[in-house]
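Here's a solo chain for you in structure tokens, the form predicted alone.
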Amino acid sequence: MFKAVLIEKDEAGYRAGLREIDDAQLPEGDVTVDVTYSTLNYKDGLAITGKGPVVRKFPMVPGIDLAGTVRESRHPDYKAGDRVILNGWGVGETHWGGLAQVARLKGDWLVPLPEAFTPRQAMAIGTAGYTAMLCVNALERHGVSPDKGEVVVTGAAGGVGSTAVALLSRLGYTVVAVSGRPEEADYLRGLGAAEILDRAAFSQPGKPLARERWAGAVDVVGSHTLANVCAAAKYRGVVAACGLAQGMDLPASVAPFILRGVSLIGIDSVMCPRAERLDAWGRLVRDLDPAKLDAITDEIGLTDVVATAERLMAGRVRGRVVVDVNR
């Protein structure tokens, strides 16, 4: 038996709670992992609260991240005792995820835990930090360097945004953070933000083209915010889009793309190829300041997950939430 957060949907309604589950109920997979830490992401919040159509089959153990130790393996790349991490691949959506003490998974979904990180540190990074690194890689790959000008990060007090601010500032970029939480200004400056802007200036319909300002951008918000970021991008600016906190729509004009040559780059962390995952984790070892990682991380136990998910969806959680699944 092991403990897990379980989401159920039936005639009685949609609900999530802590349950005792028999090992025999674990889904198919060629690697069984004793989980030590997981995380609570925006997607997990949507799944647990039922505020988004994330879960595709029931019952479901949520949790798009996990770190732990291999208990049993039939996969050639892993053996008992190996330390591994998982991000994405539909876990917590179509396959039982990481908010549990045990997980059974496909070995192809796993990557080795970098030696430089403890399991807790790896989950403090989690999908949010790994996604932020993919965004930074995309900006660099498309020619955005610190000398080109300011880089804006929307949703900056969240998990992806916080990590993106920390990474970009350490790499020498001038980072402008956008947030709807003025009380987090000191927190964002501590991560390296040179300026903090109110999200209200971005969240309403704007002009097809605005004054050129951003050499690059990391957007986790979507909708009008993403449209306004694109409208204010500099000539040949690059916008990396990875989220939909404001909405899935994009009420934008083609003007920034055909008049300024702006590039809008989509960032997918769920099905990202293994080579790019390994590269992102390698860069996180080199480029993420461990002290900044501590500053953006809070820890909870498995018993606190459901209540914290409600707070997350209400916009009352900043940075990263690490879950110790054994308490």
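On a predicted model such as this, the values are computed, not experimentally measured, just so you know. Numbering starts at 1 and runs along the sequence shown.
Same protein, other form: the form predicted together with a small molecule, not shown, and the subject of what follows.
*Asks:* Can you check whether residue 176 is within 4.5 Å of the small molecule in the model of the complex, heavy atom basis?
*Replies:* No, residue 176 stays farther than 4.5 Å from the small molecule in the model of the complex.
*Asks:* Does at least one non-hydrogen atom of residue 270 fall within 4.5 angstroms of the small molecule in the model of the complex?
*Replies:* Yes, residue 270 lies within 4.5 Å of the small molecule in the model of the complex.
*Asks:* In the model of the complex, does residue 92 come within 4.5 Å of the small molecule, counting heavy atoms only?
*Replies:* Residue 92 lies outside the contact set for the small molecule.
*Asks:* So in the model of the complex, is the small molecule close enough to residue 83 to count as touching (4.5 Å, heavy atoms)?
*Replies:* No, no contact at 4.5 Å.
*Asks:* Assess the spot marked by 158, 242 and 312: is the small molecule within 4.5 Å of a heavy atom from every one of these residues in the model of the complex?
*Replies:* So, yes: the whole triplet contacts the small molecule.
*Asks:* Which of these residues, 120, 75, 234, 199, gets a heavy atom within 4.5 Å of the small molecule in the model of the complex?
*Replies:* It is 199 that has a heavy atom within 4.5 Å of the partner.
*Asks:* Can you work out which of 191, 229, 168, 220 has a heavy atom no more than 4.5 Å from the small molecule in the model of the complex?
*Replies:* When the small molecule is considered in the model of the complex, the option within 4.5 Å is 220.
*Asks:* I need the one stretch from 280-288, 26-34, 296-304, 260-268 whose residues put non-hydrogen atoms within 4.5 angstroms of the small molecule in the model of the complex.
*Replies:* Among the listed stretches, the partner-contacting one is 260-268.
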